[in-house]
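What follows is one chain in structure tokens, specifically the form predicted alone.
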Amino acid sequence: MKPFFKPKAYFRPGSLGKAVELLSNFGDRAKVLAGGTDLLVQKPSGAECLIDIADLGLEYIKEHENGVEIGAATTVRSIGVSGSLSSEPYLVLRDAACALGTPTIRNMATIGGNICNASPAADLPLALMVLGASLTIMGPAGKREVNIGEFFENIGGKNIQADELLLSINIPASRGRCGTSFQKLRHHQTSIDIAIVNVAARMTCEKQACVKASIALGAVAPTPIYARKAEALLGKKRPNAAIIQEAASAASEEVNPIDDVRGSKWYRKKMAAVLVRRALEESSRRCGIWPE
């Protein structure tokens, strides 16, 4: 049983500067509080204070000519119902949000928390990876940009320091006709289960050919990963059933899952192929190309 979680101090800063100052002062002894759905379950030892970011204006979804910007404190529910994310290529993010947890969890959990928890089985990072998103992070030295594909370093490890704060997620605008998909397999297929395997895919198409593909998988390696060999097989080709199956099989060979209580390594590899195939089929259909 985890020890009783009772931090000694609670702060609710009114500015980004004050939040960064508090993070700098406390370092690893501070934990950022947004939705709290992971933090209050994990009950991290050594957390002496909580820094609540509710008053920092980080809950928003903004459309602009270069894409969409999402504040780190935006709830998963807001993403799932946002009109700004109701068309391609953003449907993959909306679908991932709707697949995350229960309605109660989605009302509280934030996109920043789902990213910064750095779980190999997290849902939203996969969608953001295939969308080519970047993260804006602020610390004592100012702001910096990190591509989300370079953010995850190992299980629970991420490219953000103890005195830095995730501000926003930036998704570039689509430059072509796109189709996307999010697929998730859970142990009992109930909303409270985390993924045994989850997959996000995106195709950019011209005429009847896929000119670019992106495939991200979770719960099959220490971090979310891209299936680069599978992606390469789809380029410059019409996505028919044979090519999609070949790409799905290639993706299965790229993963390196573990055995645990939710599934064996063998099962995860098999289901990775199944979910990649389903994701590519749906992405192709959303592009207006029906695989035969």
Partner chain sequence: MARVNIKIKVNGKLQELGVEAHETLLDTLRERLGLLAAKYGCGDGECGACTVLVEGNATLSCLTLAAHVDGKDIETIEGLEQGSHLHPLQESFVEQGAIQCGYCTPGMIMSAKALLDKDADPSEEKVRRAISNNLCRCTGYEKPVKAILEAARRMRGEK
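Because the structure is predicted, anything quoted here is derived from the model rather than measured. Numbering follows the first chain given and starts at 1.
Form predicted together with the partner chain: not shown, discussed below.
Q: In the predicted complex, does Ser252 have a heavy atom within 4.5 Å of the partner chain?
A: Ser252: no contact with the partner chain in the predicted complex.
Q: Classify Ile244 as contacting or not contacting the partner chain in the predicted complex by the rule of any non-hydrogen atom within 4.5 angstroms, answering yes or no.
A: No, Ile244 stays farther than 4.5 Å from the partner chain in the predicted complex.
Q: Contact with the partner chain in the predicted complex for Ala34, defined as at least one heavy atom pair within 4.5 Å: yes or no?
A: Yes, Ala34 lies within 4.5 Å of the partner chain in the predicted complex.
Q: Spell out, yes or no, whether the shortest heavy atom distance between Pro291 and the partner chain in the predicted complex is within 4.5 Å.
A: No, Pro291 stays farther than 4.5 Å from the partner chain in the predicted complex.
Q: Heavy atom within 4.5 Å of the partner chain in the predicted complex: which of Thr104, Ser86, Gln208, Asn154 fits that? Just give me the one.
A: Partner contact (heavy atom, 4.5 Å) among the options: Thr104.
Q: Out of the stretches listed (228-236, 63-71, 43-51, 22-30), which one is close to the partner chain in the predicted complex, meaning heavy atoms within 4.5 Å?
A: Result of the contact check: 43-51.
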